[in-house]
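First, one chain by itself in structure tokens, the form predicted alone.
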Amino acid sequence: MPTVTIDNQEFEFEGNPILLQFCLDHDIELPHFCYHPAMSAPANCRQCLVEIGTPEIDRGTGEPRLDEDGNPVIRFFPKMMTGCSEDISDGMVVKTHRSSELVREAQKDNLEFLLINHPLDCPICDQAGNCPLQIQAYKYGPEGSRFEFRKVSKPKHIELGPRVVLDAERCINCTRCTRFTTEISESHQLTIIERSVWNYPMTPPGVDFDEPYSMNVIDICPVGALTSKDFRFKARVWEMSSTPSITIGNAKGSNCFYWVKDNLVQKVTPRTNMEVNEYWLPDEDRLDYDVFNENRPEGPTIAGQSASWDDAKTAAADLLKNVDANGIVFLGSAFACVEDNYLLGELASALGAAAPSYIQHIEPGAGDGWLITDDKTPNASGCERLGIRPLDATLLRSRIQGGDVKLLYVLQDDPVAAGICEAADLAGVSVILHHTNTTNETLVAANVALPAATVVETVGTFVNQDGHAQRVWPSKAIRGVNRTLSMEIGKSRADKHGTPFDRWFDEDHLVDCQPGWVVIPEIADLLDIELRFKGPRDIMLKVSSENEAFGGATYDAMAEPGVRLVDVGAEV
């Protein structure tokens, strides 16, 4: 097998890998700015310079020449090469800054050039603390600046479009943003204007940077030149915790990080998963986080009046006791996790009621064939695999209006807003509702309303439209103590997010809600139905062992990047 030697360490390789990417894949840090694995390599930042040599070949024999010790004689190129544009070849020898003084000096000199006209505004820059230029300047750059003249001025605070703001002075001309709009999104809405030290990215005349993936350029910008109009000046990276999860705005289930400060979600950024969303995230998935922070319920209610959790669960159980099973309709939810939907199905079965169905939320034409789908729910595929089928809206409406439905049990959905029925139609129907927001239009008709935990407050499993089972972790704390949530909640900061010891902790931001996998078994207990599990991990273990459509989908297997299940349409 061919080999390459990097800093006196030999590696085997296959194919024709790029040197810089090979180093990154093997945890060899090689500083760079312009390179991105999903785009072309222009080699214009020059930060990944290395010394490269190859064995001398004897023209007569065609074999490598050997020195006195029997080792191949290596001839180094007269100039340093950029690692992002060099393919590895058999026998190649590479010296990085770890083994070459020449490379170390080149990297330091290159950073000095990049910083000549870069503004000294790290204290007010959104990228501070998470800035590749800042980090590399500390690690590889000069200790001071020899430039004592006025820096070049460029336009600042330019709204390129509705979501992205440009500070041109910070741009180092890596061209990642323009290559993204050319090669990835293909919107061609950004280009480089002007020349030399005065150039920077800009939209063509009469064009707004309003494509549905515009905010990805913020993530890939290696400095603070491109920032989010929504997030600008809200929080520092060291003030927030980041928790891996998925987005819930459509059926793609794109992988993301939820960034939380003061127990409020502040922003959403992509998490790399090459099988789902690669490196990218649509703008619509980034900007819907207000549903986690605003219009949240302040505890359970009975007939619109505040109540304790015990009283609300008892009231729900009493309603279920006093209605014939034929008059009960259970509605699962493509917004709720597999575990909650499974428990709802088990409750319906134990009561002798019909299996739950779920409301579809399809917007024909809304999808783009990439990361935006027509289906605006994150778990329709999970419902289908559980045997929960799409609701026949016409049939349910006629049953409600005809008086056949005596009790409607709704899990995290809104049949009134979905147009299934009017709130007035539910006047003679008992309604038990798990809801996440007070904007739920069915709430006014609910006899018992049970605040539900959202995806950022629960542990659970979601199955995207491509059959990937993915689990989520809580990134926000909720009111009350739950051992499972406490153990799973993200602790990416030293001061342990989500506790009173968090210096950004505000108890007013704790939502009084509970996951369905807590509430449904407790209601079942009051009905003498055994649905108790130690937690969602055990629920999913049972589901995966009993249902072939979830085979292998255990929590251990659903660590990144998740489990690919059989097609939902297959016979299982």
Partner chain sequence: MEEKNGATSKAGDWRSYERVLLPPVRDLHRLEVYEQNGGYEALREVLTSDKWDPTSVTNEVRNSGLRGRGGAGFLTGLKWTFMPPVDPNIPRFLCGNGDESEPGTFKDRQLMEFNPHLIFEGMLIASYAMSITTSYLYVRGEFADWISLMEVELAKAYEKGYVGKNVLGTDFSTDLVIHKGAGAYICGEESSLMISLEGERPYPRAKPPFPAQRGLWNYPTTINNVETLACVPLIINRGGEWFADLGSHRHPGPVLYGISGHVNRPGVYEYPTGMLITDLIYDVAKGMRGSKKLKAVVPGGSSTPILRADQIDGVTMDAETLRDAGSMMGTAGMLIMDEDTDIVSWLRRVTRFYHHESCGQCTPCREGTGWIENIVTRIDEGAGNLRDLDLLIDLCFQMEGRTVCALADAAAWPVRFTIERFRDEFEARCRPSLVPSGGVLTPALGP
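Note that the coordinates shown come from a computational prediction; the quantities given were computed from them, not determined experimentally. Positions refer to the first chain, counted from 1.
Only in words, not in the display: the form predicted together with the partner chain, which the text now covers.
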{"property": "Contact stretch among 44-52, 22-30, 518-526, 538-546 - heavy atom within 4.5 Å of the partner chain in the predicted complex", "result": "44-52"}
{"property": "Contacting member of 310, 194, 404, 298, with respect to the partner chain in the predicted complex [4.5 Å, heavy atom]", "result": "194"}
{"property": "Sole residue of 187, 130, 439, 199 within 4.5 Å of the partner chain in the predicted complex, by heavy atom", "result": "199"}
{"property": "Residue contact check: residue 172 to the partner chain in the predicted complex, 4.5 Å heavy atom", "result": "yes"}
{"property": "Partner proximity in the predicted complex: residue 183 to the partner chain, non-hydrogen atom cutoff 4.5 Å", "result": "no"}
{"property": "Partner proximity in the predicted complex: residue 117 to the partner chain, non-hydrogen atom cutoff 4.5 Å", "result": "yes"}
{"property": "4.5 angstroms heavy atom contact with the partner chain in the predicted complex for residue 205", "result": "no"}
{"property": "Neighbours of the partner chain in the predicted complex among 115-153 [non-hydrogen atom within 4.5 angstroms]", "result": "116, 117, 138, 143, 144, 145, 146, 147, 148, 149"}
